[in-house]
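One chain comes next, on its own, written out as structure tokens in the form predicted on its own.
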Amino acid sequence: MKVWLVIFGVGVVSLLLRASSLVLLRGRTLPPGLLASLGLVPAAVLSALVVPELLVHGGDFRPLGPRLVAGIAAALIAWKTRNVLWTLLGGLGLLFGFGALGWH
């Protein structure tokens, strides 16, 4: 029961934090520098999520591992095709192929 209360409490706090920015900033004009900075947040968050998964495997830094090669190939497929399905199939196919060849 305690865990559910914690999950509920964290959900309520998260919702209030998200709603507060919408309520407090409603009708206000933000400075152009802040707007430009906010435009970079998605790229920074995505990089923070993806790059460690590509470069760290099992707690070890591996700059030339199969994940990085598959990730680069997936990025190239995404850039060339702009298709999510081909990107996923290409990247995962390469990653599983490398695993089948013994490159972990």
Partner chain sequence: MPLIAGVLPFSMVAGIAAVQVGFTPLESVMFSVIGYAGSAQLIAAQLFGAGSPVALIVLSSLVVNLRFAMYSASLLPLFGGVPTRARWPLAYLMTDQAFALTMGRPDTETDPARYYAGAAVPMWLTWQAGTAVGALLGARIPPEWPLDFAVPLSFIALLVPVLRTRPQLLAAAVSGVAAVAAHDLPFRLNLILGAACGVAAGLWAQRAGRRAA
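Whichever C-alpha set is largest while still superposing within 1.5 Å between the two forms counts as the rigid core. Predicted model, so just to flag it, every value in this text is computed and none were measured. Residue numbers count along the first chain shown, from 1.
As for the form predicted together with its partner chain, it is not shown, yet the points below apply to it.
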{"item": "Proximity of Trp103 to its partner chain in the model of the complex, heavy atoms at 4.5 Å", "value": "no"}
{"item": "Leu30, heavy atom within 4.5 angstroms of its partner chain in the model of the complex", "value": "yes"}
{"item": "In the model of the complex, Ala43 touching its partner chain (heavy atom, 4.5 Å)", "value": "yes"}
{"item": "4.5 Å heavy atom contact, Leu64 to its partner chain in the model of the complex", "value": "no"}
{"item": "Residues in 1-17 with any heavy atom within 4.5 Å of its partner chain in the model of the complex", "value": "Lys2, Val3, Trp4, Leu5, Val6, Ile7, Phe8, Gly9, Val10, Gly11, Val13, Ser14, Leu15, Leu17"}
{"item": "Large Cα shift (2 Å or above) at Val84 between the shown form and the other one, core-fitted", "value": "no"}
{"item": "Pairwise C-alpha change, Ser21 versus Leu49, in the model of the complex against this form - closer or farther, 3 angstroms or more", "value": "farther"}
{"item": "Distance trend in the model of the complex - C-alpha atoms of Gly39 and Val12, change of 3 Å or more", "value": "closer"}
